[in-house]
Structures are given as structure tokens and as C-alpha cells.
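Listed next as C-alpha cells is one chain, alone, in the form predicted alone.
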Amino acid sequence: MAVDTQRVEDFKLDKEPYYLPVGNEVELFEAAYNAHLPVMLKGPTGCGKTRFVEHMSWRLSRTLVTVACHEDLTASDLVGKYTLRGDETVWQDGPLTIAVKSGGIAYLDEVVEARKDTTVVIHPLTDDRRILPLEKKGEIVQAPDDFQLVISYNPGYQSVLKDLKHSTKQRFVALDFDYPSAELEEEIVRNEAGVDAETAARLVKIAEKVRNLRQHGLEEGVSTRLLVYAGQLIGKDIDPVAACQATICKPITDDQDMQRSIVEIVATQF
């Protein structure tokens, strides 16, 4: 991962990200922030975890530095490394170091996808020390009170080999996320996709039925994000069935029989 060289100010959000609370997650997050505690968000793909963090960073007026974790992400990618610049070797802060120094929120999305050495790096930030060792520089960065570490992952999707260790999990305040109730999901789709109430209700009904297919071999249910995508395509005058095929059916499964089952569900609503 190439560390981004843009200034910290570039990570700030200009306007409030839309987020509809489904429980007491806002109050819990604010309390954890004020107590200087790290937060772990657990839930399926596309249920609103990232949007929630964006909303909370705006609400708390904090810089947000997001890292999409992947299997090649190393501790050096997070913390920083020496790089060649012309004839000089210079130190370049990684995104985690940028977040710590700026007193912002560091969000490690799908943290279990990263290499195991990244977990070791974040441990000192999750206890009362609240420090980030820069071993290659021989320095220690003390996190200011404004800094907060947030991680997320999908426990239902991860294999046992990629699950977080209990020694890591127990360092965080955990917030469980799931797909919202039908009523709230309709409001989210209506707001985010700009569709009418009837179209939003039909899309949510499709989602409910598709999610039930998880009991019959579907690995992952349709996310709220995909419902918004479907609504946006419908709003661009795409046929609703074609829109749902492109956003709901094909992204979540390659199994032809399962795709046909989903298309049949879509056809009952449109």
C-alpha cells in the first residue's frame, strides 16, 4: 500500500453524512470517545458501519483517516516508512500515524484482512498507554485525548483463521451492527436513493426475502448499500428488474440457480 501524502486537512468531511440511528449506538460511541476508549464495529457487509464512523467523526468534529485493510497491508504501511525522495531518504508517516498526531479518528475497515503484524502495532493504542511506537525511527508518539481508534469486521463472513484473537477483541468497546428494521431501511433507501416510498418498500421486501435464502446456501445477504444502488439505477430510468439484477442478484452470488431464485423474488415485487 502506498501511503497517501495528502495533508491531514484533506481527510475532513465538509458536510454531515446521512445516518439514521437504529439503537443507542450514537450515545455509546460518544461515551467511548469521551472516555478515550477504542471501538470495534461488528456486522455484515453494507449495513452502515463505515457511514456510522463518518457520521460520528463529523458529529465530534474530528479528522477521519480511513484505511481499507487487505492481505498485503503491513504494519509499516500503517505506521510509516523511509522512502527515497530524490537523493534523500525521508520518513513518511503512514495513515495511522497521521491520525494519531492530528488527534483524529483512525478507522481500520475489515481489520482482520490485514497481516497479523498490524494487530501488534495497534495494541499499545488500545490500553492506558495510548502510544504508537515508531520502531524504525526510534520514536514513540503519545496519542492526544482527541484521538480514537476504531476497527470493523464482519464476524459472520470471516473464517476461523482470519478471526480476531480474543486478546485483541477484549481491548475494545464492541458495537453490534445488523441490517435495520424494514421501516428504518425503507427510510434509508428513500433518503439515499431518492426514490418514492413505494419503490423503497418493494426493494426492502426483496431484501428480506433474499436474506432468508442464507438458510438455503446463500453466503451473504443483500446489503442496504446494494438496495440504495438499485434505487439509484431505478431513478435513472433503468427497468426495476434489470436494476435489481445488476445490484442485488449478480454482486452477491455467482451460483446460477441462486441467481434465478433471486430474480423470481424480484419479479414478485416489480
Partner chain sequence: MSFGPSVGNVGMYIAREMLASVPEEDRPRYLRLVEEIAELKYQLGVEVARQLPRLLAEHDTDLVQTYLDQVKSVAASGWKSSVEVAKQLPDLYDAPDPAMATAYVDIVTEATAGPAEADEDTKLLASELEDLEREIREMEPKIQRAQEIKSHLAAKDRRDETRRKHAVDLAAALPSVLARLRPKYRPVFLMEINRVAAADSEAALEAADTLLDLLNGERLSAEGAEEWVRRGLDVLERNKEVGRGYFRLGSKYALDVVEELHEGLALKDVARVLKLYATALCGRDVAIRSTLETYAIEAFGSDHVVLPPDMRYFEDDDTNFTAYKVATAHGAGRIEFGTYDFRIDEIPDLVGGLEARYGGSL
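Positions refer to the first chain, counted from 1. This structure is a prediction, so every number in the text was calculated from the model and none was measured.
Quick note: we don't show the form predicted in complex with its partner chain, though the next part is all about it.
- For its partner chain in the predicted bound form, the listed stretch (62 to 70, 238 to 246, 22 to 30, 212 to 220) containing residues with heavy atoms inside 4.5 Å is 212 to 220.
- Using a 4.5 Å cut-off to its partner chain in the predicted bound form, not one of T119, V121 and E135 places a heavy atom inside that distance.
- Contact annotation for E16: none of its heavy atoms lies within 4.5 Å of its partner chain in the predicted bound form.
- Mapping the unseen interface onto this chain, K250 falls outside it, with no heavy atom inside 4.5 Å of its partner chain in the predicted bound form.
- Residues from 236 to 265 that approach its partner chain in the predicted bound form with a non-hydrogen atom closer than or equal to 4.5 Å are D255, D257, M258, R260, S261, E264, I265, in the order they occur in the chain.
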